[in-house]
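Here you get one chain, nothing else, as structure tokens; it is the form predicted alone.
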Amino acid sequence: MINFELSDYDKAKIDVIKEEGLICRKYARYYDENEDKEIPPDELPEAKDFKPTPNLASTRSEEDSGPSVMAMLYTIYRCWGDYAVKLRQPKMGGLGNAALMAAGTDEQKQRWSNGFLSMAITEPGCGSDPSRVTASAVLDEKTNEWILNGEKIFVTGGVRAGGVVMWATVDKSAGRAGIKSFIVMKGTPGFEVAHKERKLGIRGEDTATYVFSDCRIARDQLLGGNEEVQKKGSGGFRGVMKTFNMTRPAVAAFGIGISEASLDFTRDELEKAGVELDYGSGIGSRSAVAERFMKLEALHEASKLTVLRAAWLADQGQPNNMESSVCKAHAGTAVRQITQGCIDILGPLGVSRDNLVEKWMRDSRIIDIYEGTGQIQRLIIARGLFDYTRDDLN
């Protein structure tokens, strides 16, 4: 039986996270308006304001939520403070760290897990379909080095990251099976940060372009260490793609934190304006604005449950590939509708830069784009529901 009722331990931990979220929120506008400035990469200027996390281990019980469910809740309430500022917290790893923990060897994890690693997949001619990666990796048997060549774009955290998990093909004739991931650290000759993007939202987190030109790395920097290319099936590509089974729910959780913050602000403003939110009354007895707001709340709760469901399956050791896509697709649409709906309700307050709702709307747009667009997630869901093959959906 699935039960998302929070224990006292769970609630205490979330309270701490929300306190940190409020501290992050104080600096949200600063980061949003200073994307071109060099911001200290390793720590927030307000780090001194964070309180040490209390030791609550003695209060744990069997009723506490599983680690994956709690990780999603922590993510939601960090982003409830502010998504872009949350990304800059010292303890937050990048997508590359998730890939390292999912597919790296014990030696690789020990060597590189303490740094911030970005993930480089997208290319100028390869967006939503990572199987079309053209960046190449050639093994030089004489020197025991991989030679990397290619261009990667829209690398989240690419400027401040200390290294990257970079996707490249070792055998184009093998298709997806020939795609491998490599750990490349900044400062390696032939690895250049070529460009920093100027963006609509999440301006507090940088987005970069990488260029690899005859970039040589050690043989043991192949993620997972498996050099074999299986001519049939998808080989190591399938294993690396499993990384997304938890990062996609995390991206959805980012958005849910944003939408919850928007709803909380809007609710407070409605109460100040004397708008009654009577959840026990019938539809006909509510005002139009109250009815609109309640529908946004319902959309938010539905999206939140899809994320917790995907995380719960992970805690049970059950497959969650389709559920991960469901929550990512649902949140991508829901968060956009919720933040825009809140702005509609708030009117001038919603678009004013004196408040953060307009920023949250801009930040929310990314939720439907990266880690696989909403359209791609719906294709994955269709394959899972109807047993369609990749060719069926071309």
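Residue indices: 1-based, along the sequence shown. Note that the structure is predicted; figures quoted are calculated from it, not measured.
Beyond the structure shown, there is the form predicted together with a small molecule, which is absent from this document and is the topic of what follows.
Trainee: I need the one stretch from 74-82, 252-260, 143-151, 112-120 whose residues put non-hydrogen atoms within 4.5 angstroms of the small molecule in the predicted complex.
Mentor: Among the candidates, contact is made by 112-120.
Trainee: Work out which of P189, G225, P319, G127 lies within 4.5 Å of the small molecule in the predicted complex, going by heavy atoms.
Mentor: So the residue touching the small molecule in the predicted complex, by this definition, is G127.
Trainee: Which one of A137, C215, V155, L296 is close to the small molecule in the predicted complex, taking close to mean a heavy atom within 4.5 Å?
Mentor: None of the others qualify; the residue that does is V155.
Trainee: Spell out, yes or no, whether the shortest heavy atom distance between T207 and the small molecule in the predicted complex is within 4.5 Å.
Mentor: Yes, T207 lies within 4.5 Å of the small molecule in the predicted complex.
Trainee: Quick one: does A177 come within 4.5 Å of the small molecule in the predicted complex, counting heavy atoms only?
Mentor: No, A177 stays farther than 4.5 Å from the small molecule in the predicted complex.
Trainee: Given that the partner is absent here, does I366 sit within 4.5 Å of the small molecule in the predicted complex, heavy atoms only?
Mentor: Output for I366 is yes: heavy atoms within 4.5 Å of the small molecule.
Trainee: Is it the case that K199, even though its partner is missing from this view, gets within 4.5 Å of the small molecule in the predicted complex, heavy atoms only?
Mentor: Heavy-atom contact with the small molecule at 4.5 Å: present for K199.
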